[in-house]
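Heads up, the chain below is alone and in the form predicted on its own; it's given as structure tokens.
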Amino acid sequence: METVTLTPKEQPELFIDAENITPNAFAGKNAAEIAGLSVFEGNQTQTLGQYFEVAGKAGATAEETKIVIKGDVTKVKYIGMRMNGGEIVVEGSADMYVGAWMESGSIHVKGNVDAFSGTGMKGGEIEVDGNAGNYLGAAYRGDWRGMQAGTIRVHGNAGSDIGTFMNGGTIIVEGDVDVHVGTHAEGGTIIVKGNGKSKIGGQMVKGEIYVFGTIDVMMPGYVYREDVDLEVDGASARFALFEGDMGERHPKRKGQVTYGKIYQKY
């Protein structure tokens, strides 16, 4: 695998839209060609080389290309958007839409990410050492297709509205989450190792949410069913199983109604 290193220069005045920071956009290019790729600052088209020192060269394909960003890019959006292979490592924090609609490959952010990371994600892996903002793995506003496949792991906390309209894949938050987890979900798995607030699983049709800590307010549309012993993300424990949201229409499978499930650890 070949490696391209991007070292940020001075912070831009405005936020940058950098949809071209992907292994698939870099594949087959040398440093000068990568530096010439377009980015947008406000309504102005600029080049990647205006904001980054570019070193190394890319592999022949996305799968053979690794991108290392050596520093904070908290004013750079869309890193890894729609990537379909390869690897990105951010040695700092990044702005919104990290890995949005990505299909395969891996992204590791050693700091924090802002909102809409992994939105509409179709495959691959995102790992965040710090915290994530709102709408992690959710649908884009106005859309009904959230995360469909892949895995997102956040070692810190996450904001509100994670997994909205999610219908596949796995989100693991090792810290706490804010309100509205898995709203409108029709599949997928959300694991919260810390505490949750209110409106967890609101209008969820299918899918599973595991909460290891407390839930401030359980949704009234959920009914307690039974206690179950499970192994979740490597931890064995007893959970209380709640099914819902009873206010929604639910499909049947082999004559049995399928509900969304919330498991809360004792």
Partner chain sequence: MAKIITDVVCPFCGTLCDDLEVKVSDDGKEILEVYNACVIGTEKFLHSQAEDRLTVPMKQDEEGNWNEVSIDEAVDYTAQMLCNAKKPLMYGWSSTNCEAQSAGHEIAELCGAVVDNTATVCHGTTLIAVQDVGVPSCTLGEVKNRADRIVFWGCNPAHAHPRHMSRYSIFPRGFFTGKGHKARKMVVVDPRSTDTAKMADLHMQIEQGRDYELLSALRVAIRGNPLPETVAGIPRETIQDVAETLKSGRFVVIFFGMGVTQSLSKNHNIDIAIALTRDLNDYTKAAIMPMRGHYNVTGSGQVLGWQFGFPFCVDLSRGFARYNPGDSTSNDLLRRGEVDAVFVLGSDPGAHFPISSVKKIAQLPSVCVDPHYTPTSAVCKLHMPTAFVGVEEGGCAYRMDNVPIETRKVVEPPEGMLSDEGFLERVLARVKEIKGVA
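For clarity, every value in this text was computed on a predicted model and none was experimentally measured. Residue numbers count along the first chain shown, from 1.
Not pictured, yet referred to below: the form predicted together with the partner chain.
Enquirer: Quick one: E53, E91 and Y210 and the partner chain in the predicted bound form, is every residue within 4.5 Å by at least one heavy atom?
Expert: None of them does, since no heavy atom lies within 4.5 Å of the partner.
Enquirer: Counting only non-hydrogen atoms and a 4.5 angstroms cut-off, does G59 reach the partner chain in the predicted bound form?
Expert: It does not: once the partner chain is placed as it appears in the predicted bound form, G59 has no heavy atom within 4.5 Å of it.
Enquirer: I'd like to know whether E64 contacts the partner chain in the predicted bound form, with contact meaning heavy atoms within 4.5 angstroms.
Expert: Result no; E64 lies far from the partner chain in the predicted bound form.
Enquirer: Since only the chain is shown here, I'm wondering whether P220 would be in contact with the partner chain in the predicted bound form (any heavy atom pair within 4.5 Å).
Expert: P220: yes, in contact with the partner chain in the predicted bound form.
Enquirer: Taking heavy atoms and a 4.5 Å cut-off, does Q203 contact the partner chain in the predicted bound form?
Expert: Close contact exists here: in the predicted bound form, Q203 approaches the partner chain to within 4.5 Å, heavy atoms only.
Enquirer: So which of 109 to 117, 123 to 131, 169 to 177, 150 to 158 is the stretch with heavy atoms within 4.5 Å of the partner chain in the predicted bound form?
Expert: Looking at the partner contacts, the answer comes out as 109 to 117.
Enquirer: Taking the partner chain as it sits in the predicted bound form, which residues of 158 to 186 have a non-hydrogen atom within 4.5 Å of it? Please list them.
Expert: Residues within 4.5 Å: D161, T164, F165, V179, H180, T183, H184.
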